[in-house]
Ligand code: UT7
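Form predicted on its own, single chain, as structure tokens, below.
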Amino acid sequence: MSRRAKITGWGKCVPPVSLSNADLEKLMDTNDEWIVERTGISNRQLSHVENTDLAELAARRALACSGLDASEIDLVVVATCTPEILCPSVAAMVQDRIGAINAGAFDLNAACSGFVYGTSVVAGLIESGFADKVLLIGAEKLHFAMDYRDRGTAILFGDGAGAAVFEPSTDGVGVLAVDLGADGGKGGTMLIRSMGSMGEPQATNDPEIHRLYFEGQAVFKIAVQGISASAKRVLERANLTVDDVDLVIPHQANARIIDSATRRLGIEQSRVFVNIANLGNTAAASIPMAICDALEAGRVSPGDTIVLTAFGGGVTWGSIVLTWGERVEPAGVHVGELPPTDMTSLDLLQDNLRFYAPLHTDKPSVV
């Protein structure tokens, strides 16, 4: 039987600082009912440390879960659109920190579709025999780009990281098919300009350019169409139907997007895993974090057919269909944690509030 890539370890890192809808009511014209009705989100977590710290802890937990030592890893890939710095890559820094001395390392940016895109790369390398053991991480620190007086964007996003270890399989389990797509012409619907090389170097950033730009209604329509169509194509490529699917683990973008896309696909809610209520949209980290939560909740069994599907900036979309292997319990546990903090969410957001204040001169400042 042909070689496939299967998940043998998983881990996540959830930052300790909570930003509730009640907190957001203090910063902008919104309320809990309005947010929950439109997004399904009640809370999101914010990181007091850097993206690389989140990625490292998720990686260590996934490695412990797999029972592998870091020196056995051939490649470290990090999917992110919010790297701590552009060079060196987050993957290279994680590779050094965890002691993956025999591994190559690179970052991949497909925004919220990053983990699906990363899985396609990992699966191809393992199927070809170019790699045997690969660590794939999705990690985001999105709150730095949020204007917390803009209720159209800031209510959606949170920080976090998730990771998975992939190894070869010859017993039929693992990644069965991949579908990837993009429409760069619609890329302007979601923008984070501040981390690129556009324009001349400046001593200070312009708040108008720095913040996340997001066209909610346009993104909703594109996302629902893109996710449902991609999931249908990937099932066709695997010679499967929606009736064969045991669980869909979608990118946790918005509860209404997930509901609309999966209904269009013909999958009832009982076969869809959703954890967006307490974590928000964590972009490339959302699917690996959801995989961890689905396993913890007993929603994944050996031999299950699982669809991973996502939509993100770019515009990008993609889906993976895989058969889950025999392991649903960790082989080991990493006991480390992030450094503790006494900061509240409002403490953590003071720099954001000051930076974006010039865009809201008609509104009272929040301290």
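Numbering starts at 1 and follows the sequence shown. Model, not experiment: these values are computed from the prediction.
If you look for the form predicted together with this ligand, you will not find it shown, but the lines that follow are about it.
Chemist: For the chain shown here without its partner, which stretch in 120 to 128, 245 to 253, 87 to 95, 287 to 295 has non-hydrogen atoms within 4.5 angstroms of this ligand in the model of the complex?
Modeler: The contacting stretch is 245 to 253.
Chemist: Answer yes if any heavy atom of residue 155 is within 4.5 Å of a heavy atom of this ligand in the model of the complex; otherwise answer no.
Modeler: Answer yes; at least one heavy atom of residue 155 falls within 4.5 Å of this ligand in the model of the complex.
Chemist: Flag residue 39 as yes or no: does it have a non-hydrogen atom within 4.5 angstroms of any non-hydrogen atom of this ligand in the model of the complex?
Modeler: Result yes; residue 39 sits at the interface with this ligand in the model of the complex.
Chemist: I'd like to know whether residue 341 contacts this ligand in the model of the complex, with contact meaning heavy atoms within 4.5 angstroms.
Modeler: Close contact is absent here: in the model of the complex, residue 341 is far from this ligand, nothing within 4.5 Å, heavy atoms only.
Chemist: Considering non-hydrogen atoms and a 4.5 Å limit, does this ligand approach residue 239 in the model of the complex?
Modeler: Output for residue 239 is no: heavy atoms all beyond 4.5 Å of this ligand.
Chemist: Does the trio 5, 73 and 166 actually contact this ligand in the model of the complex, every residue with a heavy atom within 4.5 Å?
Modeler: No, because 5, 73 and 166 lack any heavy atom that approaches this ligand to within 4.5 Å in the model of the complex.
Chemist: Looking at 177, 272, 145, 190, which is the one with a non-hydrogen atom within 4.5 Å of this ligand in the model of the complex?
Modeler: Contact check passes for 190.
Chemist: Check each of 219, 267, 235, 105 and return the one that places a heavy atom within 4.5 angstroms of this ligand in the model of the complex.
Modeler: Answer to the contact question: 219.
Chemist: Going through 287 to 312 from first to last, which residues have a non-hydrogen atom within 4.5 Å of this ligand in the model of the complex?
Modeler: Heavy-atom contacts within 4.5 Å come from 311 alone.
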